[in-house]
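Each of two forms of one protein chain follows alone as structure tokens, named structure 1 and structure 2.
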Structure 1
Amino acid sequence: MTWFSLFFLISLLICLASLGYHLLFLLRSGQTPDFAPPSGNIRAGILYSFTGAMSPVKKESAFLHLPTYAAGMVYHLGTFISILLIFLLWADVVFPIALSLGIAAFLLASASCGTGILIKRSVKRNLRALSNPDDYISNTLVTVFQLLTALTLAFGSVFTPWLFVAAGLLLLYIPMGKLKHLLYFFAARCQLGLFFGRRGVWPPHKNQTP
């Protein structure tokens, strides 16, 4: 095993152990009794929480800034693809040239979206006032990770050590910063769906404002 593969593996184990701790904390914290009698469908509420409630038309921060919302969706998709690819590359999976170049082109686009979001955060006074170093570090680590994944797919093993180092640094940072929302996002959406589904608020009925 190469030194950069070992670094990636150690970082992955540390990240999983830390996220496991956060998961246990979430499970324990969420076990609070709700004494109100149920009046809705919990499963339907959770399903709506991950589907209809995520629609940009239901979120003011999204429908008022649709280009940024679309860039964020592309950026997140690029992150998911890069995470999948790092494990495939670690397992020495070889991709057809056309597929590699196609994915690399998309990841370059998603990394560009991340760069654009970072620039917007830096130049917009109201966004800059709400930001802290964690916002900039998280964006930079993810964008560099996507960029190096694209370069590795396009140009081969010359970029592989850099990719695994970037992936390892990203994994080590995830539990420390805002990137751990990859765990808290699902917990929060489940909690919202459970609460509003149990109360019969989600999914909304006809002529009901969600």
Structure 2
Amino acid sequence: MTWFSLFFLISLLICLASLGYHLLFLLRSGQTPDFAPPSGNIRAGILYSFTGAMSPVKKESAFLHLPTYAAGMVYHLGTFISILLIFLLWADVVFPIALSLGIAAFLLASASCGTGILIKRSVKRNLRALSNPDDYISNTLVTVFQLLTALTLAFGSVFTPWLFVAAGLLLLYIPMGKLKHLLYFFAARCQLGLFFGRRGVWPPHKNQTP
């Protein structure tokens, strides 16, 4: 095993252990019982929380900011693809050239979206006021990770050590700051679906005008 693969592996184990701790802590903290009788369907509420409520048609934070929303979607997709790819590259899976170049092009686009979001955060006064160093570091680490995945796919093994080091650093950083939302996002959507589902607010009434 190469040194960079070993570094990646150790980082992965630390990351998984930390996130596992967060998950366990969350589960062990338990849910305060709600004694008020429900007036809606909780399961339908949770399902809607992950589906309809996320739709750019319904979510104001999406439809009022479509370019940012679209950039965010591409950026997140690029992250998921990069995560999948690093495991495949780790297992020495070789891709056809056309496929490699196609994915690399997409990852370049997604990294550009990440850069755009970073620039927006740095330039816009209201976002700067809201941000902390963790926001910039998280964004940079993920963008660099996507960029190096693209370069590795396009130019081969010369970038592989850099990719694994970047991935390792990213994994080590994930439990520290906002990137934990890869875990808490799902918990938050569940909690919100539970709240609005229980009260009969989600899913919304069909004849309510948007």
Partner chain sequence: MEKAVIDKGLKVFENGGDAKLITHLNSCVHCGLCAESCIYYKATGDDRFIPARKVEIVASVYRRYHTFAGRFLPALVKARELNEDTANEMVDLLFGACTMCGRCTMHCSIGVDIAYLVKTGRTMLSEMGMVPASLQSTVKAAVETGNNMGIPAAEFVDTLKWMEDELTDELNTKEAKIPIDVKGKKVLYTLNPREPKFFPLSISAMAKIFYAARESWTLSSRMYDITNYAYFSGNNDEARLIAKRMWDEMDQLECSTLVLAECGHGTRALRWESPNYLKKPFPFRVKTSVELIAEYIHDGKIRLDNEKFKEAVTLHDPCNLVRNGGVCMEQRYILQNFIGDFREMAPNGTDNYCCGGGGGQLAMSEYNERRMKTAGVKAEQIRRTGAKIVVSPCHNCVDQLTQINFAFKLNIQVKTMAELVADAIIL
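Here the rigid core means the biggest group of C-alpha atoms that line up within 1.5 Å when the two forms are laid on top of each other. Structure 1 provides the reference sequence; residues are numbered from 1 along it. It should be emphasised that the depicted structure is a prediction, and the values quoted were computed from it without experimental measurement.
Structure 2, rather than structure 1, originates from the form predicted in complex with the partner chain. Here S61 exhibits a Cα shift of 2.3 Å between structures 1 and 2, evaluated on the superposed rigid core.
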